[in-house]
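Coming up is one lone chain in structure tokens, specifically the form predicted alone.
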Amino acid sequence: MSMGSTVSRLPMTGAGWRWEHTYAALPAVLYSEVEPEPGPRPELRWLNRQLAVELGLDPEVLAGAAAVFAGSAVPTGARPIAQAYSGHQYGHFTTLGDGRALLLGEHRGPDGSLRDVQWKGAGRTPYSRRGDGRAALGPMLRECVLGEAMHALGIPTTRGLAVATTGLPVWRETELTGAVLTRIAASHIRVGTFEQAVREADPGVLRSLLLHTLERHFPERRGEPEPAAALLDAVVEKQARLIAAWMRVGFVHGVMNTDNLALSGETIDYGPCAFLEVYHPEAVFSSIDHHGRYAYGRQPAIALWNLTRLAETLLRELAPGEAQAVERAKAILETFGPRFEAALLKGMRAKLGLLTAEGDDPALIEGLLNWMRERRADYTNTFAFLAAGRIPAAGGVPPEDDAFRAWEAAWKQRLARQPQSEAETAALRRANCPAVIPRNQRVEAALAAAAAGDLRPFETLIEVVRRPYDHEAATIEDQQPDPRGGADYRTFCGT
């Protein structure tokens, strides 16, 4: 199916693209072929040269391909499709699909891995419903800076390869500059993809998707006798590690619907997300999450809820009888909690420089978090202080008080009981406590400048968030908390 007029094909000789189309080999009910809707004045605004090199692509050739990155020309070898999926949004099931995204195909990188190449904002698709299929410049740049920050923090994530403007305005509450993001991902297979497949009358659709996902993301488990159990178990493990990583750095995703849980274990969709400044487990930054469903402290429980929806789609593949299948699913889902707790404890121990394990470590960690909550301490700066041995110049760490000194004494006694040297424990802390994160007010300032035509603050911010563990390079501006405390900061989905 084509939603727009046929656009030109561009050879891009020398770019280095190595296209494959494994997802398009799945049953056709899982996608629709779509032509993008080109804009009149494509202009490349930002190119992720670092990522291009990692993908084995030539940045100089890419820099001359504004038409491709604006969705006005399709690179030769690509095959644009919009993926069909459903999802539970804020707990309610709905039929969705790529309403403003097109998968061009998969690129085979120098390491042999396949990576999805997707346009976001290139026009309407059969799944757009009443939407325009477009995207605005600010949210697309936001996705790039958050993706680069997460990648540098060592957390699996999608990443932006390029952002180009189209010459078409988009209307949200006001007129905005239209843009297209070229996003790179391990894949865009979601829990919602399986929710869509299980609704098809042909059971072969779900089976095909199941085997494809195992082959794509978990090839080491593809030969197991119970493929559905193998997939569910592997995804549970990936998600336990991912959510623990989010919690470790204070990341709040903000819209953990089932269509935003990627089976690859990558962070996907940087709409209403933010990093904690003042520590509080109930922190919410999404403008539409009125009841705190996706609050910072609820993310592990929501991940398990989403995984349970995945398990429900796999019941007929898990066992021949419903009761047996449910028990099989429950046994796997029950491993999420211990896996998450183990991953989070390991990460928090590292933040405190603990190279050994003691039974009281969880209480020691909780003691610090409770102090931070009571004193409204900045989450990142507090750990940076413990890592570097000095209060960040930007502040955000309350003056030492009796409660902190008591905790600090217990922590130092704990450090003294492990055989490793102080230099070793200090190195561990510095490697796990970021000195900088994408500070909310700085992200907004960079995006406002970009909307006004000045990309320099955005480019500077990208370079800052790419070195989160460089404590010596961090400046006051890099570490400055929101003077208002960040409690009223709100983010939006950009649709």
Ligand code: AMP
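Nothing here was measured: the structure is a model prediction, and the numbers come from that model. The numbering used is simple: start at 1 and walk along the sequence shown.
One more form of this protein exists, namely the form predicted together with this ligand; it is left out here, but the text below deals with it.
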| query | Pick from Gly133, Gly254, Pro80, Gly160: which residue has any heavy atom within 4.5 angstroms of this ligand in the predicted bound form? | reply | Gly133
| Which of these residues, Gly367, Gly99, Pro300, Gly250, gets a heavy atom within 4.5 Å of this ligand in the predicted bound form? | Gly99
| request: Establish, in the predicted bound form, whether Arg18, Glu106 and Ser208 all lie within 4.5 Å of this ligand, using non-hydrogen atoms for the distance. | output: no
| said: Check Tyr85 for me: does it contact this ligand in the predicted bound form (non-hydrogen atoms, 4.5 angstroms)? | reply: yes
| query | Hey, in the predicted bound form, does Arg390 get a heavy atom within 4.5 angstroms of this ligand? | reply | no
| request: Examine Asp259 and determine whether its closest non-hydrogen atom to this ligand in the predicted bound form is within 4.5 angstroms. | output: yes
| said: So, Gln89 and this ligand: in the predicted bound form, are they within 4.5 Å at any heavy atom pair? | reply: yes
| remark: Of 373 to 381, 292 to 300, 123 to 131, 240 to 248, the segment with heavy atoms within 4.5 Å of this ligand in the predicted bound form is residues 123 to 131
